[in-house]
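Listed next as structure tokens is one chain, alone, in the form predicted on its own.
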């Protein structure tokens, strides 16, 4: 086994070490899924067909967002941030593995663990309490690809924010801004299809929409044929571009660390 798969495997084991804690988080996600489903049902009752969604789409979207909240780490940062603050990142830079590749592998293990332990329960409970849409085999496979791309995109965004600590030394301000952008522009609070006119067009064109809104549309079957290819291409293009930016910023951060540390 190569180094990168090894890092992902042990990250999966590490993040799965406390299943009861993960189940408690899943209960919380499910509770908020029920609350949000009730709010969205009221909204879609007042505005039927809003954004091309029906009421079942809206409710399914609610539980999907709660299932994806862990894998795409909407509320979380990265352990790398703490290591930059303490200076332990110098150890990471001496490993015979690229810094970005190491932490991407770690994040893949984390996302896999949270998807299995925290993503499944909200959907199961939602299916018992409400009428949800369930995808066919083709849509399910496309959704799986979209989730993988969402995880890569999430990592790319959080990695860039974390590396800013090399220059800012305190990430709280930029993390707060990143959290607000992630919450409102991903569709986590309200589906982006409910955003009016040009505001909705801009929100759907930004990378954060690839975290939640795009995977949800793929799951619900609102992206098929050429639309599906465009949706996955949108996620892949943003992920590739931001990962490339992360590599450039990593090199700049390494040079800054060398200049400071001698």
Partner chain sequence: MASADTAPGIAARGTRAVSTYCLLAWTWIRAAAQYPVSITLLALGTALTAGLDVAGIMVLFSRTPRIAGFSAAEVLFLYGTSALAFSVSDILLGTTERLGEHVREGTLDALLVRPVSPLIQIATEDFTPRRFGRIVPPVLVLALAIPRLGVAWTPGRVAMVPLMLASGTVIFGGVWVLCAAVQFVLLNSHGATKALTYGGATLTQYPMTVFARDFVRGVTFVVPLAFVNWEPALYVLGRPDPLNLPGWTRFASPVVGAVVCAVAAVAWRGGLRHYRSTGN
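On a predicted model such as this, the values are computed, not experimentally measured, just so you know. Residue numbers count along the first chain shown, from 1.
Although it is not shown, the form predicted in complex with the partner chain is what the next lines describe.
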Residue stretch of 166-174, 153-161, 140-148, 101-109 approaching the partner chain in the predicted complex, non-hydrogen atom distance within 4.5 Å = 166-174
inquiry  = Can you pick out, from 233, 49, 197, 226, the residue that has a heavy atom within 4.5 Å of the partner chain in the predicted complex?
reply    = 197
inquiry  = Within 4.5 Å, heavy atoms only, which of 56, 39, 237, 206 is in contact with the partner chain in the predicted complex?
reply    = 39
ask   = Is residue 202 close enough to touch the partner chain in the predicted complex, meaning at least one heavy atom pair within 4.5 Å?
value = no
query = So, in the predicted complex, is residue 254 in contact with the partner chain at a 4.5 angstroms heavy atom limit?
reply = no
message = I'd like to check something about residue 91: if you look in the predicted complex, is any of its heavy atoms closer than or equal to 4.5 Å to a heavy atom of the partner chain?
response = no
ask   = With the partner left out of view, is residue 190 within 4.5 angstroms of the partner chain in the predicted complex by any non-hydrogen atom?
value = yes
query = Does anything in 23-39 come within 4.5 Å of the partner chain in the predicted complex by heavy atoms, and if so which residues, in order?
reply = 24, 25, 27, 28, 31, 32, 34, 35, 36, 38, 39
